[in-house]
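Two separate entries follow, structure 1 and structure 2, each one form of the same protein chain as C-alpha cells.
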Structure 1
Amino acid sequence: MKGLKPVKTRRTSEGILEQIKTLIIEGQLAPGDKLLTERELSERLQVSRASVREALSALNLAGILEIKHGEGIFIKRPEPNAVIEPLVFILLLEKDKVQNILEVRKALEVEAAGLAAERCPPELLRELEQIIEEMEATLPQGEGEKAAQLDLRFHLTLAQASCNPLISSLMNTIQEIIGQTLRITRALWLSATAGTTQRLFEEHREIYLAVAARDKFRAREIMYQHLWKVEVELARLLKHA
C-alpha cells in the first residue's frame, strides 16, 4: 500500500525527537524560542534525562537545536547547513556520485536563470552587469583565483535574482558542497580550462544579456548549454583523475 511507511520509531529518544520536530513544524516552536529544560522534558515526557539527552544530541547534530551550556536549548533557524553535512558525507564516500549533484545543480540553475529573467530586481541586474565587467577586465589574466571568485559570484547572484529563497538556499548549499568535494587539483582544472576563458566569459555575458532583456527562454537555454559543457568537461577530467 503506497504511502504507508514502516513504523520505525521505537527507541524512546526517537519518540522524543519526533515530538519536538512536530512542535516546530506545526509552528508551536519558532526559531529563537527556548525549549523546555532537560529536566522539564524528562518530567513531562516521563522518561529519563539520558533519553532526553540522546534525542537532543541528535537534533543538535541535525542543526535543528542550539544547546548552550548553562543557559538553555534554543530552536535554530533552519539553514542550508543542515543539509550540507549529510550531503558532504555522502559525496565524500561516493565520489562518483558527484555527477548526480551536478545534474541537480544544472536543474536549479536553469530554472533560476529563467526566473531571474522574469523577476530580477534592478539592483541585482546592476550587480550582474558589474560582475560581467569585472570578468572582462580580468580576461588578460587568464584563469585564476579572481576568475573563480567571479564565476561563483555570478551564479549565486543569479540564483538570488530568481527571488525564490528555496532555490537560492539550495544553490548556495550545492555550490559549497561542490567546492568542498571535487577532487580536482587547481592545476588540473586550470590546464583543462586553458583557452576556454574567453568562451566562458562570452557565455556568462550572454546569460546576463538574456536576463537583462527579460528573455527567460533564452536565459534558460544558454545556462543549460553552459552547464552542460561544464559537466561534460568535468566528467572527462574525473575519468582521467
Structure 2
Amino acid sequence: MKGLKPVKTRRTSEGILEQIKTLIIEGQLAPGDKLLTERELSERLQVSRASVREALSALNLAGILEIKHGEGIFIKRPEPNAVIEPLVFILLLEKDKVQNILEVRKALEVEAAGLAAERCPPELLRELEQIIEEMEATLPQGEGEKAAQLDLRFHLTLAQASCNPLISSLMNTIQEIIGQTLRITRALWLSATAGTTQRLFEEHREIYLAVAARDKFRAREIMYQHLWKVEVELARLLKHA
C-alpha cells in the first residue's frame, strides 16, 4: 500500500490514524478497499502491533472500518443515506480543533441563513420562533445543557429551512461534533465574559428576525458576524490560556 511511512512523531496510534485519514482523503483508499493485515501495517509503519490495534479499534468504533472475521479489515462502505463519509472521518479525528469546526460552520451556515430567508416555509419559521421563545425563557436559569441543546437545534432547523437537502444533510451528518464544540465554545466564552448568555440569545433572535423579514443579505451578515465573534473570542481566550 503506497503512501504509508514509518511513524516517528507524537502518539503512535494518532500517527497511524493521520496516515490512514490522508490516504482516504487523497483517494488512495476507497470504500470497500481491504487494508493490510495488522502484522503488515506494523512492519510497514515500523510500530508495535499494539499501536496498530489501538488505531484500528478507534477507526472501527468511528464507523470508518469494517472488520470481517476470516476475511480482513475493509474501509466501510457508506450507508445509502450517508453524506461524505471522509468529512465525518476528518471531523471525528479533529474534533478538538475547534477552529476547524468553526470554519466549516461558516462555510455551511452563512449561506444556509441566506437561503432560509428566501425559502423558509411557514412551519419551519414557526419552529425557529418557538426555539427563540424557549431560549428567552431559559435566560433566568443561566447557562446549562438546555441552552446548548437549543443553540444546536436552532442551527439545525435553520439549515433545514434553507430547503437545500444537501446543506441539511451535511449539518445533520456533523451535528454530534457541532454539538460537542458548541458546548466547549459556550463554556469557554461564558466562563470568561460577562453577559455572554444574553448576547448569544440576542444574536440568534436577530438571525431569526432577518429570516422572518425575508432579508437574505442581513441574515447572511448576522450569521457570519455571530460565528466570527465566537471564533475571535475563542482565539483570544486560547491565546491567554
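Just so we're on the same page, rigid core means the largest C-alpha set that superposes within 1.5 Å between forms. Reference numbering: structure 1, starting with residue 1. In this text, all values refer to a predicted model and were calculated from it rather than measured experimentally.
Annotation: structure 1 represents the form predicted together with the DNA, while structure 2 represents the other form. Once you line up the core between structure 1 and structure 2, the Cα of L17 ends up 2 Å or more from where it was. L209 is not among the residues whose C-alpha shifts by 2 Å or more between structure 1 and structure 2 once the rigid core is aligned; its shift stays under 2 Å. Relative to the superposed rigid core, E133 undergoes a CA displacement smaller than 2 Å between structure 1 and structure 2. The Cα position of E54 changes by 21.4 Å between structure 1 and structure 2 once both are aligned on the rigid core.
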